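One chain comes next, on its own, written as structure tokens: the form predicted on its own.
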């Protein structure tokens, strides 16, 4: 098994999605594979700094996924189905529900 941890943040609430993306980037900087999954809501449109943070996360082999197609079209995050997300979560060493209300 790899010495690096794989972490997936689960963003269920709209108010915490952008902050959670920054948290994923922070873990990627700390040499972890970091991912995020936007579940069941439409994200706000990412501004230039947020788009840059998303690109930095991708440069470090991370990604932000969404189960909602509108987020993929509006913000360029990767589309994922619930079934595909379930498979991806099996690869993770940690799963973090982020900002649950």
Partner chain sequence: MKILNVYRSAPDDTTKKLVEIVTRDRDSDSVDLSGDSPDYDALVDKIYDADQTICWW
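Numbering follows the first chain given and starts at 1. Just so it is clear, the structure is predicted and the values come from calculations on it, not from any experiment.
The next section is about a form of this same protein that is not shown, the form predicted together with the partner chain.
Undergrad: Would residue 79 count as touching the partner chain in the model of the complex under a 4.5 Å heavy atom rule?
TA: Flag for residue 79 set to no.
Undergrad: Contact with the partner chain in the model of the complex for residue 53, defined as at least one heavy atom pair within 4.5 Å: yes or no?
TA: So residue 53 does not count as contacting the partner chain.
Undergrad: Is the gap between residue 39 and the partner chain in the model of the complex 4.5 Å or less for some heavy atom pair?
TA: Yes, contact at 4.5 Å.
Undergrad: So, 43, 46 and 70: all three within 4.5 Å of the partner chain in the model of the complex by heavy atoms, or not?
TA: No, none of 43, 46 and 70 comes within 4.5 Å of the partner chain in the model of the complex.
Undergrad: Using a 4.5 Å cut-off on heavy atoms, which residues of 64-98 contact the partner chain in the model of the complex?
TA: Counting only heavy atoms within 4.5 Å of the partner chain in the model of the complex, the contacting residues of 64-98 are 82, 83, 85, 86, 87, 89, 90, 92, 93, 94, 95, 97, 98.
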